[in-house]
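Starting off, we have a lone chain in the form predicted alone, written out as structure tokens.
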Amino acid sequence: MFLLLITGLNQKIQLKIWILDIRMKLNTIQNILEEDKAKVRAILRNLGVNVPDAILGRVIDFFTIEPVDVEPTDIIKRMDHLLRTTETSVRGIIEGALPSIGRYERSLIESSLSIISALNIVYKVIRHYLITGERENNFILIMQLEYLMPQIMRIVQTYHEALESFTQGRPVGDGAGPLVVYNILEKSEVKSRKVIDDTSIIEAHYKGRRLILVKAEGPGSNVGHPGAVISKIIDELKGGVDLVITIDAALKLEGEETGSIAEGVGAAIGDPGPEKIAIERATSKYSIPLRAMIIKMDLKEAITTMRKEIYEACERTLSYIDKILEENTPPNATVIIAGIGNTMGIPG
């Protein structure tokens, strides 16, 4: 023991053990990545793509460079431009290879490729730090990586399971917001419906109020652009809106129950910034109250097939909304209710 401590051999042995464990887990990640790539290749071949690797190679490593933040002037406008350009570019690659593909199938392919891309990034980053730490005998780097691996493996497994849901078009937990809006729609008297920017706008009569329901156009894998659409609606009505309610899924803390509901104030939307700030600017411009509802779940529940607890929470959310409408708006008020999230498997 004295010799081990003096020579540092104990640390070298520990380092080798950690490197061996990380390498084994990295191989597991690689196997999962290759398995999921094979699934997507098979889907693309069934849709008529002769060389699916051509699409995979372009989309998997597709990246978006963040706008310059040293000069924050118009940073949201620049970020929105870059995000929309990314969306259009990826969609163009898929439509170029599959010119006759429908919107529903295309949306599922886009989401599936996004999952493969996320797994690919995780694999490359872990491999990078493993090689760097091993080459430089960096004990601290390898130790941190070893302690993070269980959490990383859970994330990888979550994305792996999510691919099954997205390739089959099943509703996922993140669709809680759109599902609540759909449930309101089912209980309302619909007057009109139109689609702007992949986002459905339904005007309806509910509980003596004029509702403008906003959600991504379904049933494809789509999140739409609810922030920009809500801002446009408010401007068209010249601020003639009494209340805006946003409903979204939110990550729960450990110990909280899946499907628990909370209400608050603000824009419940988890985008990088452009959509959220569009809602905040429009409501603050006309002093419109902005309320939020969230349905809690963990990451796995958010991107895999919707669980029973979340589905039941979406139904319970209606009673919360009824109470908010009754307490905060008079009869015949105009209210915008937006269901934020992926509307896969949810029509409307």
Partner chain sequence: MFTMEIDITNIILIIAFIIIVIYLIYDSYARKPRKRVQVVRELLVCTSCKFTVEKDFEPGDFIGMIKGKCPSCGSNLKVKAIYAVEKK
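Numbering follows the first chain given and starts at 1. Computed from a predicted structure; not experimentally measured.
Another form, the form predicted in complex with its partner chain, is not on view; read the next lines as being about it.
Note on the interface: of 61-69, 311-319, 45-53, 25-33, the segment with non-hydrogen atoms within 4.5 angstroms of its partner chain in the predicted complex is 311-319.
Contact with its partner chain in the predicted complex, defined as a heavy atom within 4.5 Å, holds for exactly one of D235, E136, D74, E186, namely E186.
Exactly one listed residue, out of Q151, T85, Q168, S192, brings a non-hydrogen atom to within 4.5 Å of its partner chain in the predicted complex: Q168. A residue is said to contact a partner when one of its heavy atoms sits within 4.5 Å of a partner heavy atom; R307 meets this definition for its partner chain in the predicted complex.
Using a 4.5 Å cutoff between non-hydrogen atoms, P219 counts as a contact of its partner chain in the predicted complex. Contact between Y159 and its partner chain in the predicted complex is not found at the 4.5 Å heavy atom cutoff.
Within 4.5 Å of any heavy atom of its partner chain in the predicted complex lies no heavy atom of V214. In sequence order, G345, I346, P347 are the residues of 332-348 having a heavy atom within 4.5 Å of its partner chain in the predicted complex; the partner itself is omitted from this view.
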